[in-house]
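Only one chain is given next, in structure tokens, and it is the form predicted alone.
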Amino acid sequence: MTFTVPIDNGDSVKIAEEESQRTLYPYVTGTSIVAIKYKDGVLMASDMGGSYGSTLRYKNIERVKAIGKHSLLGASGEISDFQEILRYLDELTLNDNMWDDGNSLGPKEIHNYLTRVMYNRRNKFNPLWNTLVLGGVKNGKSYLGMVSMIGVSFEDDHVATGFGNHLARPILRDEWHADLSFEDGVKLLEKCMRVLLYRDRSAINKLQIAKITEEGVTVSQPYSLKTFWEFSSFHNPTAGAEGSCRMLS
């Protein structure tokens, strides 16, 4: 890429030549998203932290958004890339609405679209640094799926990204069932988010829970969980760990 700058005599001079650049690592990132199906639709939880490296720089970032009439999107990873994805989806839903044919894109169509977008950017060696969770309800059927930053996608009854894939999924496998009520589903998500708060340095105690049903999307106001930090293992977390040493008196 060549940059040209005009000078006073009307001529111009080339001042720099530079090859195309790629995002080598994310800058401001969000941590885990946890989502489940319940008897009336889909529930999704995320905290509102944005980490600049290892610094919790931002504490008011919404990472769960409604998409069209039938879908709900959550994202881990680079916040600016998530904003770019939202721009793509705004264009997609606008074009869909312009047909004015009485139909609208459902969650499965949005999920397939996101899979193609992420895989396409991966093939250009310029990926969008996000892991996406897409949930929705259309024609009485709940849908929940996930897409990684390289376009790997799948559907499931419960999904989690980031640290949640390691710490929340075991809880969900033990306690999730298809007939969960809204109240029980919220309690289950709060349990998962509390574990992540204890164990994930990037998590903050400020979260939102969103639900989507046939009636539409509702996103809760931010709130905090009750926590307990007096567990004995928290006082000396490396005690007994392989390679740890004890202070000699």
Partner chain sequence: MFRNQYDTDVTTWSPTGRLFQVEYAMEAVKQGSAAIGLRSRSHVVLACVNKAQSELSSHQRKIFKVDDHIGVAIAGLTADGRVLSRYMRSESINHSFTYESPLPVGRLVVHLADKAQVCTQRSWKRPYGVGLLVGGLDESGAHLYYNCPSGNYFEYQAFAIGSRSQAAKTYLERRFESFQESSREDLIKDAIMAIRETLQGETLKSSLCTVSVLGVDEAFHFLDQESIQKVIDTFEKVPEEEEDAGEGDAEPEAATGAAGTGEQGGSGDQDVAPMEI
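Remember, predicted model here, so these are calculated numbers, not experimental data. Positions refer to the first chain, counted from 1.
This protein has a second form, the form predicted in complex with its partner chain, left out of what is shown; the following refers to that one.
> Can you pick the one in R87, R116, H166, R173 that has a heavy atom within 4.5 Å of its partner chain in the model of the complex?
Answer to the contact question: R116.
> Does R122 reach its partner chain in the model of the complex, with heavy atoms at most 4.5 Å apart?
Judged by the heavy-atom cut-off of 4.5 Å, R122 is well away from its partner chain in the model of the complex.
> So in the model of the complex, does G102 come within 4.5 Å of its partner chain, heavy atom to heavy atom?
So G102 counts as contacting its partner chain.
> Is D156 close to its partner chain in the model of the complex, meaning a heavy atom pair under 4.5 Å apart or at it?
Close contact is absent here: in the model of the complex, D156 is far from its partner chain, nothing within 4.5 Å, heavy atoms only.
> Can N112 be called a contact residue for its partner chain in the model of the complex at 4.5 Å between heavy atoms?
Answer yes; at least one heavy atom of N112 falls within 4.5 Å of its partner chain in the model of the complex.
> Using a 4.5 Å heavy atom cut-off, indicate which stretch of 174 to 182, 156 to 164, 102 to 110, 77 to 85 touches its partner chain in the model of the complex.
Answer to the contact question: 102 to 110.
> Under the 4.5 Å heavy atom criterion, name the residues of 65 to 97 that approach its partner chain in the model of the complex, in sequence order.
Those in contact are L92, D96.
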